[in-house]
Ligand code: 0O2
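Below you will find one chain, with nothing else, as structure tokens; this is the form predicted alone, and questions on how it binds or moves follow later.
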């Protein structure tokens, strides 16, 4: 039997409420955009509270004590949302809606879409602080970016590649670049349709 106290202390219900509030806010943005564009800009939205073990492991990895203070005030991803959009422009529109809402303070932003990681990873990351003082990590990406990230995640844990690692990394980067090019082409096609 595990008698270890929760790393979130008594904050778990509040974290759930904040996560649910963020999801509702995203749904409101989604509805407003759908009315303007006559199409749903969001393919899907996933949310989670980081598991106890994952949070403890992250504390250890960052040489932090495994405490509620570390989990909620030093680390910033106890709450996580991944918003997957159909088009690149929708990523930035949703980002702007979150920034301009007045509901959250934007603590940090990283644009891995315009400035992809060396391995080809693309996504837009935001760390928000809610009025209640809790942090949430938001990842915004297109369907293509999400597909690539999911496949890359599965592949990077394969230890048996040995000397082929560099070739595999090159191929993953090439695939990421091709998908990014496809995203731009699809955006152009949508823009042409909307202009017509």
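Positions refer to the first chain, counted from 1. Because the structure is a prediction, the values reported are computed rather than measured.
Unshown form predicted in complex with the ligand; subsequent notes refer to it.
The partner is absent here, but in the predicted complex a heavy atom of 149, alone among 143, 49, 37, 149, sits within 4.5 Å of the ligand. The candidate stretches are 53 to 61, 25 to 33, 128 to 136, 39 to 47, and the one lying within 4.5 Å of the ligand in the predicted complex by heavy atoms is 53 to 61. Contact with the ligand in the predicted complex holds for all three of 82, 117 and 121, each having a heavy atom within 4.5 Å. The ligand is not shown here, but in the predicted complex it comes within 4.5 Å of a heavy atom of residue 77. Within 4.5 Å of any heavy atom of the ligand in the predicted complex lies no heavy atom of residue 104. The ligand in the predicted complex is approached by residue 153, whose closest heavy atom lies within 4.5 angstroms of it.
Using a 4.5 angstroms limit between non-hydrogen atoms, residue 112 touches the ligand in the predicted complex.
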